[in-house]
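Here you'll find one protein chain in two forms, each presented separately as structure tokens under the names structure 1 and structure 2.
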Structure 1
């Protein structure tokens, strides 16, 4: 096999992995974009929501296994989707009890529009949830078991007898579920009356009040949806990535990088942002040792916020 074929094969391999993982990242970014991009709530605990989604899927799968209802093929994806209602309730209550005190109309006009308080409050929540999960779930790394994780489709040979690309089936199905969920969410937000009123309330709370929208409730629902969406993405990640209670911090940067890259305030942009981050992460493995792939994301995040604070796809919405 020629040198070129080897290079082509590893590039294609990284590209396909990046696209698949990127779709899942896109979905988790979508969740954050509702909370941070549109409502402008700085949520530090978003990574922990993702982690809770992972554990939910894990335990739901264990329960299915015991009941023998769903097979190991469909089960993990159903479990991931079931994380949505559970974490919706969690996000709803969290907003009701804590987050609403430092966000929304109340935060307008306070120091930095309440961002300072939000950062610190959600840092506290993130510490409690992550360490509380350590108590509840233990520190042993887990993974949602499915035979799909170890099976792959073979594409190719694309060039003569060479250039085979392996597509991991767990990732492939996860990314398909992500795309479907993302499309569903975008349609819901842009078409349904509830979705539109949520967007309006989140975007400009003061104006929405005068349009007769119950802004507090709208914020709660939007926050809960953002939590649920990220948790579903967590359940999907869990099918191919071993996790423990402190896993959230690795993803929180990925999510912020994706949302900023996609342009703050743009829901579909956030998905594309997440997709780009996935591609960068996987392509970086071509030139960097694998332990540094997360470091590559952090560097990319820094470059994005410094040089493209309005995102690659976003328009310059505000003048600084």
Structure 2
């Protein structure tokens, strides 16, 4: 096997892994984009919402056994999707009881427009949810068991008798579900009356009020949808990645970087920002130790901030 074939195989393997992981990152970023982009709230608890989605999928499959009839191939992905309505209710109530008191029209005119209180509140929610989960679920790493996580499709040989690419089946199916969910969310935001009202509340809350839009309700729905979408991404990650109550911190920085890279306020841009991060993370392993994956992400982040402060897809942020 020639040296060129070895390099080509490594690059293609990294590209395939980056695309698959990037699609799931993109779904995470979509959830955060609805909260960070529409409400302008820096939510430190977003990683914990991801973690709750993981545990919901795990218990739906392992403990409750409600999805056992679907088998270990389909059940885990249905469990991930079912995390959406459960965490939607959680996010809706969380906003109704706590978050709305420091956001929206209530925060106008306060010191820092309420951002100081938002930071403390969401940090407190993060700590309470993470530590409460530690008490409730324990610290032992879990995973949603599926035989797909240990099997792969073999593509190739792509060049003579060489250059084989292996595609993990659990990641592949998770990425397809992520793409379908992302398309559905983008269509909802751009085509439905409710989605347009959410975008209007984000663009100009004062004008939205004059147009008869309940901005506080719009923010509550955006927060709930953002929580639900991130929970679905968590359920998908759980099919191939071990998790415990503090796993959220591993992903929350990635989510924020993806939202900013895509362009704050852009729903479709957030997904593409997450996809970009997945590609950079995996391609960086070709030249850097695996411990420096996140360093490569932040190098890219800094370059984008320097040369395109509005994000890679900032133009889309104006209308999408």
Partner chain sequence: MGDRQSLNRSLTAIGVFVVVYVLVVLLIDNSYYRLMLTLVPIWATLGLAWNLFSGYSGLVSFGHASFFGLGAYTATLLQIHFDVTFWFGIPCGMLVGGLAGLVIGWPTFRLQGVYFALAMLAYPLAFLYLFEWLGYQEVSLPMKRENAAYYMQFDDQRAYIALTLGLMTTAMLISLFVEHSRFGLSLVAIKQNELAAEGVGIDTKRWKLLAIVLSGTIAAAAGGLYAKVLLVVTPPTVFGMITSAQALIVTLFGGVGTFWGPVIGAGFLIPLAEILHGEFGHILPGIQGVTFGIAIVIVIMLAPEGVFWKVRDRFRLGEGKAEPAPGFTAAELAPPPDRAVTSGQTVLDVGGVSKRFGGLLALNQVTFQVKAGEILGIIGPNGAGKTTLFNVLNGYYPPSEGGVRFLEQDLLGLKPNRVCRLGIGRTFQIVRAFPRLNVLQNVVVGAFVRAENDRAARRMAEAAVARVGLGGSRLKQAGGLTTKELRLMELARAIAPRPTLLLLDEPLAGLGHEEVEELFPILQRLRAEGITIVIIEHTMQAMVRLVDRMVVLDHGMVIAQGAPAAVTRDPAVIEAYLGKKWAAHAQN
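Computed from a prediction, not measured in an experiment: that's the story for all the values here. Numbering follows the first chain given and starts at 1. The term rigid core refers to the most C-alpha atoms you can superpose between the two forms while keeping them within 1.5 Å.
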Any idea which of the pair is the form predicted together with its partner chain? 1
Using the core for the fit, does the CA position of residue 17 change by 2 Å or more between structure 1 and structure 2? no
Spell out whether the Cα of residue 295 moves at least 2 Å between structure 1 and structure 2 when the two forms are superposed on their rigid core. yes
